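A single chain, nothing else alongside it, follows as structure tokens in the form predicted on its own.
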């Protein structure tokens, strides 16, 4: 695996206590079945208890040991003394008029992350957007999460538990997962892949229903190609040339288009999977016909669909504006003329600031 210099998260302060509080106990969510089997063996319980425990955690999505009705009470009590089911706490929940639900989770160290539950009528299914980091180091100019800065990576359990908690709280069957929340997923690569393993094999979410969204961490795209998992990769391109892309996405200075595009072709050639190219439309910045033609040329020969995202200004808009409807549809027509399937993303949760990072920003600033 290629080594990348990643931001180093600050160590959380440790409280001293003769007996651990619930918040200090290790969480079981994040442990795979072999780890649970080792745990029950250490507690002098038969191996089949691990399979029962695994089912309660990842299929039934329970939040308390008392709900695990087929485990004997003495075993449940021993578990409760040493462990907690999960470590996340709902800080607040906001429901949009369109049914989108935004969850703000507080972590054991007091930091917060967001998850968003969405219903797609045209598919008749639910999807959830998960976070992989607290804040983000990539610092895209239009992104709310960028204003938080990078604080730390989420653990395997903290990533997986977002899905399990929302599944339990909502009572909905969530069969689609998108890693497009706070943070750059490929900068928390190992924890990301372990959480996907758990969500796929333990929580039984089909691998083809899992999407990773990246700003273009080139070495990790090659790593992901070697994994050859049948998940979906979405790439936040947002500009067809280096000058425009660098102005809004500083990551392009480290991995410019002449490095990113070969990585994307390699990924498609290796996995056979079609990419999704994400492209946010910013008025007067990257939404002109010339940009659309340049995008069509750049994507020539690449097996991909294009998802256009009209910018939704928040607060001061970070200096960006939303293009007109005419400009959006004109851009779509031009890119489509190059033989690409182009969609315009349907906005959801606008009334609750559902774009990742918006609610966390308010909370961190004491405004919500």
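Remember, it's a predicted structure, so these values are computed and weren't measured experimentally. Residue numbers count along the first chain shown, from 1.
The next section is about a form of this same protein that is not shown, the form predicted in complex with a small molecule.
- Taking 177, 280, 164, 85 one by one, only a single residue has any non-hydrogen atom within 4.5 Å of the small molecule in the model of the complex, and it is 280.
- The single contact residue among 309, 304, 342, 27, judged by any heavy atom lying within 4.5 Å of the small molecule in the model of the complex, is 309.
- Only one of 214-222, 113-121, 90-98, 291-299 places residue heavy atoms within 4.5 angstroms of the small molecule in the model of the complex, namely 214-222.
- Interface membership of residue 191, defined by any non-hydrogen atom within 4.5 Å of the small molecule in the model of the complex, is ruled out.
- Heavy atoms of residue 150 never reach within 4.5 Å of the small molecule in the model of the complex, leaving it off the interface.
- Using a 4.5 Å cutoff between non-hydrogen atoms, residue 236 counts as a contact of the small molecule in the model of the complex.
- Although the partner is absent here, residue 143 sits close enough that one of its heavy atoms falls within 4.5 Å of the small molecule in the model of the complex.
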